[in-house]
Every structure is written in C-alpha cells, then in structure tokens.
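The chain below stands alone, shown as structure tokens; this is the form predicted on its own.
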C-alpha cells in the first residue's frame, strides 16, 4: 500500500510552513504502508498541477494533503472543498484571484472521502486537539483539494482523499505573541494517527465478507 502525503512551502509572513515540517518528519513506513511525501508550492494552479502530475504517474491507495491554518486551535479535518478562489493575500507567484471559479463548469462543492470523523475521534483519544471543519477556505489549500477531488472523480480513481489543516508550530511562534500553537512533534503525531486510521479503514473495506 502506498499513501501520498503533501505539505506546503512557506508563504506570506511565515518563515516556515508547519504542514511540510510535520509531513517530512513522518515515518517512511506506517503499518507496512509506504508513506511518500511531496512539498507543493503555494501558488494557484501550479500546486495542484504538481500534485495531479504525481498521481497521474503513480499508483497511490490514498492521498492526504495538509496545509497551515494559522489561528485555528486544533488539527482540523476538512469535509468540503468549494469551487471558488478568493485570496486575502497574493500567492507566492503574486496572483490574487477574487471571486473566481476553480473549474468553470465544475460542481459548487466536493466532499472529502477521508474518514474524517474517525480521524478526529482518534486524535481526541490521544489528547490531541482535533476538530472537523466545513470550510477549507478559498485560498490555495481549498483549490488543491477541489482539483484533487475533481481529478479523482473524472478519472474514476476510487481512493480516499482529503485535506488536513494544522495550526502554527510552537517552535516558530514568538513566545510573547498570543497565538495558539502546537509542538511540531505533536502535529506530526496527529498526522501519523490520521494515517493509521485511514490504513485501518482501507483494510476494513478490502477484507472479504465472511459467509455464514
């Protein structure tokens, strides 16, 4: 089994992006599943193109994208991507769309196919802050998620895919600032737990039903 996990490069005023810092610290193998990672540019279009190119050239059993949601107070499992690009700040290429559709004739919204509720429950069992989110925003994170789900549907690839937002990492937040953050190793641990839940779920669905 192979699972692709993505993180983003730094953007805006952030010196580093904890999503990639956490992703690159993940074990290369989890429960006999090969974990492959890639960093995406924070650019509308090129970030999703890099991701879809990888998926098109390789066989993965699942895809989890991650990104930073500074200001959130938990690891958040995204439920929905919307067909809209509306940027508060320019991306790393200087592009700042306003009220633009991601895919002109695409559906208004597409749902994650990750077991988000089970992931959130597992994180809470391990005393890690976790929430389910119904808005991935309208920045590059949402655009990547929307294009990912649209691509998988168009190519009839029935694999679990979705997005996890992480908060700031404590190591990169000035101590005097009143901003919620988590130690980087806890963020990495949270992502690893999400992967383990996903592996269990894939295995459960693939097991043959026993006849009576």
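Numbering follows the first chain given and starts at 1. A quick note: this is a predicted structure, and the numbers were derived from the prediction, not measured.
Just so it is clear, the following notes concern the form predicted together with a small molecule, a form of the same protein that is not shown.
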Candidate site 4, 60 and 159: all three near the small molecule in the predicted complex by heavy atom within 4.5 Å: no
Answer range among 105-113, 79-87, 133-141, 118-126 for contact with the small molecule, defined in the predicted complex as heavy atoms within 4.5 Å: 133-141
Sole residue of 182, 42, 149, 35 within 4.5 Å of the small molecule in the predicted complex, by heavy atom: 42
Partner contact for residue 67 in the predicted complex: the small molecule, 4.5 angstroms, heavy atom: yes
Residue contact check: residue 188 to the small molecule in the predicted complex, 4.5 Å heavy atom: no
